[in-house]
Every structure is written in structure tokens, then in C-alpha cells.
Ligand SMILES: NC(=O)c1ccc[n+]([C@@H]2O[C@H](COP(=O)([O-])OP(=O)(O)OC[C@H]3O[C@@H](n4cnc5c(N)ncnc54)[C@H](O)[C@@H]3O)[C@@H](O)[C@H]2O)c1
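Before any questions on how it binds or moves, here is one chain, the form predicted on its own, in C-alpha cells.
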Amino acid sequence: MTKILMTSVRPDEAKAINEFAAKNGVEIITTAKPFIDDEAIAMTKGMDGLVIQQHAKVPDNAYAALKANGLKQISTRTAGVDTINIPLAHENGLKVTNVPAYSPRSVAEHALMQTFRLLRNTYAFDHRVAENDYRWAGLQATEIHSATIGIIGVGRIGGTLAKLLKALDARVLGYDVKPREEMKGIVEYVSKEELLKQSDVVSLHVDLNDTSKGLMTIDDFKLMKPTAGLVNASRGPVVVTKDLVTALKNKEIAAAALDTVEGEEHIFNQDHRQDGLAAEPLVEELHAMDNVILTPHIAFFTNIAVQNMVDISLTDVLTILAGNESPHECK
């Protein structure tokens, strides 16, 4: 029987994993541990396939060990593949797959929710009410059909968000290095500079790569309206965090809704009620701000997305083990 190791498995994934195993006649061994050390590497002995999901990088010594253990692939049940050294994997005969479209709607809906929160100033009302201050002063909202929303990265997720916004009669600006013909009539493509200048909310939906790291810096925030908000539901390093903190403090932008931040691998999906956030001072500073909404990288975390991430990643394992090519293979 085919044996597959899945790492970083959460309880909410168990149902989908068990259903896949029963349906396909495979044995799936799960662990909550991420694939980051020799102990995790040792677990691949006797396995036919490997599926991971994590923020930390796969250690470089893992690839040769996987080859020696007879594995032919690594599948990550995420869209991002920055935790995997793809050239090194290929050198060791390992095919790499990801799940590029587990549910664009899940992240788009989260970004839409945060856009509403920024336009309606609910983050500020939350802080006031928590202190028994029920005044309205200075927090008049903007109705979405009167707003301009800028989307940087109009791909699967950004494009889905654009359609949702268009249905609500918002003006939608888009910036993308590869404008999509099918989005015309929904998105008005402009330069990044024009998008930043005109938008009431800027929402980021780019992949993490060498060109997108540090995409938003202090110079970009200075272009934005002082009343504007930022939504980041893409990846933390897309925004230079220290520059964002400065922009928020100097009121160069009004607020930010962040589902992902630099240094999140040490914070998110962990309980820090006892030790706090001192290990990541910039995250600690963002957390203390009354004009920041922090969520722990949960934009993807829906019923449909979790099911798809499990099913697609495991299907890719079986496809490769059968000698076929997966459409999700990373070249």
C-alpha cells in the first residue's frame, strides 16, 4: 500500500485526510511537526510520498535524504513555494508541486471583509467601545460604492476580489505586470503610482518572489491618501514592516488590516498569552496600534479551501508516483 507522510497537520484537516485515504486505498501518516529538522526527515524512511505545509524553509540536507529514502516528490499544500529550494529539489530528482488555487474566493472574501472594516472605521470603534467611549466623532464611514479600491496583483485572488467589488459598484483600480484581458470592464488598469494616489483602500494579492519582496516601502506609503487603508492578505515580506509602522505613526496612511506580516512564523498559530510578542518587536508594535487589524494568516482558512488543499496536494502525490505529470508542478 502506498504510504504518504503529511507534516504540520492540524485537527481540522483530519476529516479530509481520512476521506482521501479511504477513497484511494492509501495509508497517510500524519504529524503536527513541520518538516524542519532531522527528526522530521527520518520519518520519511519507508514512505512513498511527502506533503508539507509550513512557514519555515525545508533544510537543505533534506533533499538528498529524501532521494536516498526513495522519494520522488515534495508537495506543499499551499500556493507559495518559497519554503522549498526548487533547484536543489530538482538536483535530487524530486518533483515539487503546490496548490495554486485552493480557493481564491476564501482570501478574496477576507480581503473584502477587511476593506469594509477599513471603510467603516470599525477597528477604531472597537477600541473606543472597549474603553466605554461611544462617541462617533471623527469616524464617519465611506460607502463602498463611493470608494476607489486598488488591487495590486490581479491574478486568481485579486481578480476574484475585483469581481466582488464591482458587484458592489465600487471603482476598482488594478496594477499587474501582466494585465488580464478578461478583467477589462471590471478593473481599470493603471500604474502602481496612480493606484496608490487614487485608492481609498489598497489590497495586496501578489505572489512572494524576488520582484515582490519589499513591494511596499515608505515611498509608496507617502503616495497614498492620509485617509487610505492597506490590506495585506498576500505575504508578509511584500511590505517593509518598519516602513509601514512609520507610515501609520506619521499618519501617512490611516490604517492597515494585516493577515500576514514579516516574522509571522514565530508568532502566528501559536499561543503567546504568557510570553507576549517581544521576540518580534515590529509585530508587537503593530499589535499595540489602535489603527491596525491583525489576523494570524487565516484568510485561506475556510471549509472549501482546507478540503481542496488536502485533496489537490495528495492527488498530485499519486499522479507523480504513477509516472504522470501534475499540472501543478513547479519547474
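Model, not experiment: these values are computed from the prediction. Don't overthink the numbering: it's just position in the shown sequence, from 1.
If you look for the form predicted in complex with the ligand, you will not find it shown, but the lines that follow are about it.
Student: Quick one: from Ala256, Ile74, Ile157, Val201, grab the residue that has a heavy atom within 4.5 Å of the ligand in the model of the complex.
Tutor: Of the listed residues, the single hit is Ile157.
Student: Just to confirm, with a 4.5 Å cut-off on non-hydrogen atoms, which of Asp176, Asp243, Asp82, Glu194 contacts the ligand in the model of the complex?
Tutor: Only one listed residue qualifies here, and that residue is Asp176.
Student: Please run the contact check for Glu252 against the ligand in the model of the complex: heavy atoms, 4.5 angstroms, yes or no?
Tutor: The answer is no: Glu252 has no heavy atom within 4.5 Å of the ligand.
Student: Spell out, yes or no, whether the shortest heavy atom distance between Val206 and the ligand in the model of the complex is within 4.5 Å.
Tutor: Val206 belongs to the contact set for the ligand.
Student: Quick check on Thr115: any heavy atom within 4.5 Å of the ligand in the model of the complex?
Tutor: No, Thr115 sits far enough from the ligand in the model of the complex that none of its heavy atoms falls within 4.5 Å.
Student: With a 4.5 Å heavy atom cut-off, would you call Arg235 a contact of the ligand in the model of the complex?
Tutor: Yes, Arg235 sits close enough to the ligand in the model of the complex that at least one of its heavy atoms falls within 4.5 Å.
Student: In the model of the complex, does every one of Ala130, Gly229 and Ile293 come within 4.5 Å of the ligand, counting any heavy atom?
Tutor: The answer is no; none of Ala130, Gly229 and Ile293 reaches the ligand.
Student: Would you mind picking out the stretch of 165-173, 85-93, 211-219, 244-252 that comes within 4.5 angstroms of the ligand in the model of the complex, counting non-hydrogen atoms?
Tutor: Heavy atoms within 4.5 Å of the ligand in the model of the complex occur in 211-219.
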